[in-house]
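The form predicted alone is given below as one chain in structure tokens.
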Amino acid sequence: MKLLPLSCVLHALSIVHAFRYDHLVEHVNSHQDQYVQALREWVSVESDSSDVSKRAELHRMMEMTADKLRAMGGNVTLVDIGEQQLPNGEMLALPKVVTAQFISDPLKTTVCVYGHVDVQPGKLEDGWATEPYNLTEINGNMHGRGTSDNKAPVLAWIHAVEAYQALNIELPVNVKFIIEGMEETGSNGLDAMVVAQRDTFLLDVDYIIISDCGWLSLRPALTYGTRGNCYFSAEIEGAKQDLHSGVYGGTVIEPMTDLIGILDTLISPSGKILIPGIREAVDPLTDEEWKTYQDIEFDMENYKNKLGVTELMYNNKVDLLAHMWRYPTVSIHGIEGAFSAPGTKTVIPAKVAAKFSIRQVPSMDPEVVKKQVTEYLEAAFARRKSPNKLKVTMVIGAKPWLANTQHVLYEAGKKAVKRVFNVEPDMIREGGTIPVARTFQDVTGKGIIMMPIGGFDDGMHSQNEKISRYNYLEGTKLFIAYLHEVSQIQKSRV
């Protein structure tokens, strides 16, 4: 049996005795108004990464994040990740990625927390009940664009570190941050940065934590998988300019008609994907998975009511969760070039482009999906014998991610949830995509956990996005407890 130095044993024991959870909780409770004010300030920044006219606001958001971490004594760097090329050929600077480090004790485990502070678009005229960039609290829910996705979770991690500092309690682990500003548009430039930092900033990282997702119900959850995202544009071009439908209708083959026709071949009314090779690539549902889904707390009637629909695609919990998490889906998002403004306009668009995506699962590869979709649509278009021109482009090819739920990170997560919420967490997957998770996994080989604090009804990406004050504060306590539990992984190795 190999004996470790006494200093290591004493160091591990000191971590156990130093954990003053009740004091840390009291600090969080007494500082909740300051935490809400910090969120209010961050939400007021229109850090919409999809709107290039808001790029200055995005740069400001990254600077605010860096300033916050510097003020806490973190070793902060703003990493330049280059430029992006706009459709018109113009080059635009990407927002710098914020990295930070708090303490660097070689005897301690090192965790790296990933998050993002860019947001989806938000406009009052889109159906918001409150101003999207003015944090508004109603019945304990704090509404504003980016609250749940992902500004409050990032701040909760920062507040967790701050709480230890404020009480002069040594952090039980070394904590690093990677916070980006382009997640909502595919994390441009981040993959290259992760590769470049593999042997420097990420070299001593033991575990990576992501809190960019939400619970499935009122029960806290730990997330162990996400789907990928293959996002496509299918463009059809006809005449050299838009045409008057009264003058030219009936004389030309209209691009919009062609586009609707080929889109209709993608998926059946029952949700079956019709592209050959997609469904065949999916791993079958195992008995163990079936039981896991069956045991998850999930109310289908509440789910329907929340969505405002009368019928779902599937009528039992297991099928619905499986198709939400571990089967691919096709979604058609919109048509560019089509008339969509109020009023009437009798025009035949000369060029239209459909935007659609396929959420793919771990056994699927984006490059293979790209080939399958392109060849399938080209064949469907050829059968129409149209003189128009079709161009299919895959805009995003983000890979799925899946973790081992038996990993020590998840055991520590269960203990932290039990301490804070006094329940066992649901073990869930996420239907959306967090591109960097797979990148971290492939590049670093480190253990990764997703630890959400967002509510099931937060409306991420939707109108009236919110996070509850309860989830924000209890989430901060969860992160405080989790840092302690992760430090015990090191102790168990000793």
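Throughout, rigid core stands for the largest set of C-alpha atoms superposing within 1.5 Å between the two forms. Don't overthink the numbering: it's just position in the shown sequence, from 1. Nothing here was measured: the structure is a model prediction, and the numbers come from that model.
The following text describes the form predicted in complex with another copy of the chain, which does not appear among the structures shown.
In plain terms, the part of the chain that comes close to another copy of the chain in the model of the complex, with a heavy atom within 4.5 Å, is 354-362 out of 274-282, 170-178, 354-362, 398-406. When another copy of the chain is considered in the model of the complex, Leu92 lies well away from it, no heavy atom lying within 4.5 Å. Using a 4.5 angstroms limit between non-hydrogen atoms, Ser462 touches another copy of the chain in the model of the complex. The closest non-hydrogen atom of Gln241 lies within 4.5 Å of another copy of the chain in the model of the complex. Interface residue remark: Asp264 is counted as part of the site for another copy of the chain in the model of the complex, having a heavy atom within 4.5 Å. The three residues Glu41, Gly73 and Pro366 each lack any heavy atom within 4.5 Å of another copy of the chain in the model of the complex.
Scanning Gln165, Thr77, Thr393, Ser331 against another copy of the chain in the model of the complex with a 4.5 Å heavy atom cut-off leaves one residue, Ser331. Of the listed positions (Val205, Val420, Leu377, Leu320), a single one reaches within 4.5 angstroms of another copy of the chain by any non-hydrogen atom in the model of the complex, namely Leu320. Contacts with another copy of the chain in the model of the complex, taken as any heavy atom within 4.5 Å, map within 116-131 to Gln120, Pro121, Asp126. Leu243: CA moves 2 Å or more between this form and the one not shown after rigid-core fitting. In this overlay on the rigid core, Asn88 has a C-alpha that sits 2 Å or more away from its partner position between this form and the one not shown.
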